[in-house]
Each structure stands twice: as structure tokens, then as C-alpha cells.
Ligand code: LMR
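In the block that follows, a single chain appears as C-alpha cells, in the form predicted alone.
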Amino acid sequence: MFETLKKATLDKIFVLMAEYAADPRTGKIDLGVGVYKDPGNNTPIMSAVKKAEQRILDGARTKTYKGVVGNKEFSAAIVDLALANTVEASRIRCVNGAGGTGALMILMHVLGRARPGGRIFISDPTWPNHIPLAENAGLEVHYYPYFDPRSRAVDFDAMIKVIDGLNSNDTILLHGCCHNPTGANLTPAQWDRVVESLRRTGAFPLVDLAYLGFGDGIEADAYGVRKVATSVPECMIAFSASKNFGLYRERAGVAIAIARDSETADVVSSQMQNIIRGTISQTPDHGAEVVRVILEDKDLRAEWEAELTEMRERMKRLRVKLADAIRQRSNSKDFDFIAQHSGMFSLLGLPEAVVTKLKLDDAIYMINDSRINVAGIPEDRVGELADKLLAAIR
């Protein structure tokens, strides 16, 4: 049976994780995997999460199924968090996903059924997993320009030129905030222009909302997704609780579909449920219930928001420190963009040979396209990191 198979390509992030774990050198620095890290280089469990888990444990009476749509209260709390009552509830349908990736999988498969072989436009660059997710759903992947490697900013003129040329059979995948891998984000005015184009062309927006609250705060980060949801007749949103609640392994996400009316929304809901039933049958619930408990409790929500603010501000501080350290040592503003971007990631624009040199010579690990996880920067070694980056470039 297996003689017909060829070895599949392993995900480069997980390969890098294994290499980092096997490296015996002390002082190694992990800027690769996209998880939040505290000053002790740990990925902590948020205190609000621990309290919610204890409450769930104390009150648990069953482990029976929640149903194919999953935890409805969790979905409702996320819709409120992301959209803040800006869309008529009768047009919204949700199912839980196994993380944000699971939510994307469900939504893309619905789109693949709605438009078999249809075109989906994805930013260049993007999170690499967007591509196989779309291809596995039977969608034809195309790209729109997003990032200018020279200016280290959004190449909006090139981006909007492609978006203006889409049609009503096309889907466009938009990063809701904190673009992965670049860290360069659309301004509110640019979101307005994108939405104006979508209204004119009828192209269908799918918003990947994986980092709400990690950029400039929940309200600011939600501008784009709310603008889309309130401006077009139909759209989809994939929400992830991995980053902003620190629930990576719990796989808590929501697939949100907004239709033009309630009847159409019911049809879409039936398709989402059918996809879940035919793949994983039921979605996990522990992480979903944790989030529900937090968002429905005033005190726990306030505690979570305070922790989220602390995480966000720490990443901003690390950005500024690294940019300042490089500028002081090089008398150049070439890396000032690090401080100007937001979210967990920045794309440094280093050649792959330099990335490899940093790994082999200095035990500094990053993705081969030079994406770094800002939260992985050791705050007490910023100057050392700047020195090694500059030495590798020279």
C-alpha cells in the first residue's frame, strides 16, 4: 500500500522547532515559532485562564458532546468581541473550529462548494498554511501584492490595483490585523478603500482574525473586520483564541459566516455543520469554554484584558528597543520599521544565507524568510542580538 507514497514536505516552522530543541548551546535565541513568550522565555498560562479552568473543573458534571456547531455561547461571545453588535444577528451563523486553522478550513471548504475551482487571492507574503488550506478546499490560489521589501511597508497601490480587478466569483483573504509574517498593517483609510472596492466589484472577503488585541488594542485591531462586516452583504471571519488567550494547544476558534439574510445564513450553517461532521465529527470544547467563562464574567474579562495589554505593550517595547539598538550601532534607519510595525511578527528582509549563518554561528533561530517573533527577543540581550544581526549582514 505505502509504496506509492513519497515523503511529504515537513512544515518549516516545526523543522526549526526541532532544530532549536536539539541545539545544545547555551544562550540560543528562538525567534521562530509564533507563540508569545514572557521575559523568562516561557509561554505562560494567563491568570484569567487558570481561574476560568478551575471554575470549569469545580462545576463540571459531564463530558458529553456539545453538538456539531460546538459551544454556542463561546461563539456568541466571540461575535460580540469581534463585531460589537455592528451586524444584525439574524444574518450571522457560527460553528466552532479546531483553532483558527480549523475555522479557516471549514470556511474555505464552504467556499469551495459554493465556487468549485474558484479563485482565492492571498497576500504576498502570507502565513504559509493559508495556501494548502485553500488548495485542499479545491480553490485556485492567486496572490495580491502586499509588502514592499524596499520600504518595509504595505505596497498599497499595487495591492489595490489587483483588488480593483476582482469579480463577484472571487474570494480575497484579508489579515484582520497584525499581518503575518510582515507586521505591516493597513491603516483605517486603506481599509476603507479596500471595502469600497469590494462593494463595487462584489468580490467576497474572508478575514483571518488570528491576533485581535495584539496590535494596537481590541477596538483599534477590530476596525478592519468591522468595516468589512458592516459594508458588504456577505463575508466570512475565522477567529483564533490561540494568541490573545494563550490557548495554543486547546484549539479554540470560531468560523463566522455573515449572509445577506437569515434564510441564506441557515444554508451556510448547514454546510459548515456538514463539513465538521464529515471530517472531525465534533469540535473540542475545553478552550472554547475557558473563553466563554472569561468573556461572560466582568472581573475575569477585565483581568484578561489587562494581561493582554501587558503582552501587547511588552512586544511594542521590544520592537522599539531592537530598532534603537540597531540604529545606534549602524547609524542607519534601515531597521526602524521594526518599531513602526505591530503585532507578533516582523519580516527583517535578510537573505536566506544570512538567516542560516545566524543559526549556525550564533544560535539565533528564525524562519528562513527572516520572519521573527518579536516576543522571543530576550529583553536583557537586545544589544547582543543587534550586534549579531549587523555582523551577519556585513
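Since the model is a prediction, treat every value here as computed from it, not as a measurement. Numbers follow the displayed sequence, beginning with 1.
Although not depicted, the form predicted in complex with the ligand is the subject of the following passage.
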query: Partner-facing stretch of 335 to 343, 358 to 366, 31 to 39, 52 to 60, counted where any non-hydrogen atom is within 4.5 angstroms of the ligand in the predicted complex; finding: 31 to 39
query: N180, Y211 and K243 each touching the ligand in the predicted complex (heavy atom, 4.5 Å); finding: yes
query: In the predicted complex, I13 touching the ligand (heavy atom, 4.5 Å); finding: yes
query: Contact label in the predicted complex: F121 to the ligand, heavy atom within 4.5 Å; finding: no
query: Exercise: W127 in contact with the ligand in the predicted complex, heavy atom 4.5 Å; finding: yes
query: Residues from 360 to 394 in contact with the ligand (non-hydrogen atom within 4.5 Å) in the predicted complex; finding: R371
